[in-house]
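What follows is a single chain, given as structure tokens, in the form predicted on its own.
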Amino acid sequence: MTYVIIGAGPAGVTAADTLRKADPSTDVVMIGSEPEPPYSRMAIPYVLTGLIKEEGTYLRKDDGHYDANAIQYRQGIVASIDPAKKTLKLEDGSEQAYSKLLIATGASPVKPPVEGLDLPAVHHCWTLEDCRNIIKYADKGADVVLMGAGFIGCIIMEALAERGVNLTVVEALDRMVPRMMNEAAGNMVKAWCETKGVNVLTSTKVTKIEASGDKQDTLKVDLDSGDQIPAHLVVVATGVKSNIGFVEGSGMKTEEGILVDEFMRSSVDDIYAAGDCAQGPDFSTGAWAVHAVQPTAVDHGRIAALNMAGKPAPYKGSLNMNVLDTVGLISASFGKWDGIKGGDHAEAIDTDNFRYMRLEFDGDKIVGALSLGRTDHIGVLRGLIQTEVPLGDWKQKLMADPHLIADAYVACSQ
């Protein structure tokens, strides 16, 4: 029996370790596409700030972890899959046979159709190599333009701000973090960033990037407003997409990602998927979605590995949950944060102190929430949503004051 894992991110590494424990006598092969040891992309901003070194991003810190656990690590890029022969073909022409296969290839940054993105001082912030390139340009006082103010963009913004650059953020939609915040919360995040010296332009698009004069590392950034911004560096954070192009022709069903069932199985026998490339069960909606966050990837990897090893472990579904630190302001969204048709909601807003709480109800159950300016409630909100606990009389108390969530949790969980 040979287990093969394509991908060496959190999902792949978790799966490899789980397989080794669940089935000690079999071969485990993990294929990674980058020259560095398996690492966490979410740790890259901490390298930018200098808080950690590159080694601090590694998913397993102990020397020789993979060799010690008989996990064969192979560097390469998989070009195609032949399910009939149970083989993979790599871009270097070599092949790898498998008995059971896990696809955990993650996602890649979206490159918008903007002229000039191939200039030397324009970079994504997705790999350690990207990080090294950004550090070359992001000196204190440098003019930096960040394209995108979504979840990933805001994490990068935090790191760039800490480097002391002169930062302008350009977001095409009408608010910051639009896929996890409503208008009130998103605009509050924007106002907070502006108090920290970050220039934020919403409802604005970059139309062109060009070199300024003979210096290729001095740029002019054109906006659809007609304005032009000088920049020493442009960082692109306009979303990600699942890495699934290589599965074309394999027979696997795909939409935004590889469709998997509650056991993380694809539509092809003995092939599973996990992490940012997997479109799996969504706890809140009962539908299938790609939740491109590290906690979901880790859960996917563990569940997929158990099922590959013949230890049935159904997955209850991932909760759409994001917690974000934006230059010191903590924001969070949970579940159906934008509400349901016909549902009630409770809202408390304190603009002056950057505090916000909104709860979404389905009957007397909380199904979604948004918050800003609090750090003591993350587990409580997640618990109330995932346990689907009936609130009874506590619903009306929360309608009057949504900040009473901890009291409600204690009262209703007994």
Partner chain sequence: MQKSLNIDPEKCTGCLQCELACSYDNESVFNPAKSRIKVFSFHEKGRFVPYTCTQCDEAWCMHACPVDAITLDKATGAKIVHDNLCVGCKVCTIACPFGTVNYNADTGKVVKCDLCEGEPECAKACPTDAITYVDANWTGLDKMRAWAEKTDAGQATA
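Residue numbers count along the first chain shown, from 1. Quick caveat: nothing in here was measured; it's all calculated off a predicted structure.
The same protein also exists as the form predicted together with its partner chain; that form is not shown, yet it is the one meant from here on.
Inset, instruction - Let me know the one among 26, 69, 40, 33 whose heavy atoms come within 4.5 Å of its partner chain in the predicted bound form, would you? - result: Selected option: 40.
Inset, instruction - May I ask you to choose, among 314, 343, 245, 197, the residue with a heavy atom within 4.5 Å of its partner chain in the predicted bound form? - result: Flagged contact: 314.
Inset, instruction - Answer with yes or no whether residue 302 is in contact with its partner chain in the predicted bound form, where contact means some heavy atom within 4.5 Å. - result: Contact check for residue 302: yes, within 4.5 Å of its partner chain in the predicted bound form.
Inset, instruction - Flag residue 295 as yes or no: does it have a non-hydrogen atom within 4.5 angstroms of any non-hydrogen atom of its partner chain in the predicted bound form? - result: It does: once its partner chain is placed as it appears in the predicted bound form, residue 295 has a heavy atom within 4.5 Å of it.
Legend entry - Proximity of residue 56 to its partner chain in the predicted bound form, heavy atoms at 4.5 Å: Residue 56 belongs to the contact set for its partner chain.
Legend entry - its partner chain contact in the predicted bound form: residue 325, any heavy atom under 4.5 Å: Yes, residue 325 lies within 4.5 Å of its partner chain in the predicted bound form.
Inset, instruction - Tell me whether 117, 142 and 210, taken together, all sit within 4.5 Å of its partner chain in the predicted bound form, counting heavy atoms only. - result: No residue of the spot touches its partner chain in the predicted bound form.
Inset, instruction - Choose one stretch from 102-110, 129-137, 80-88, 315-323: the one whose residues place a heavy atom within 4.5 angstroms of its partner chain in the predicted bound form. - result: That would be 315-323.
Legend entry - in the predicted bound form, residues of 398-414 near its partner chain [heavy atom within 4.5 Å]: Going through 398-414 in order - heavy atoms within 4.5 Å of its partner chain in the predicted bound form - the hits are 406, 407, 409, 410, 411, 412, 413, 414.
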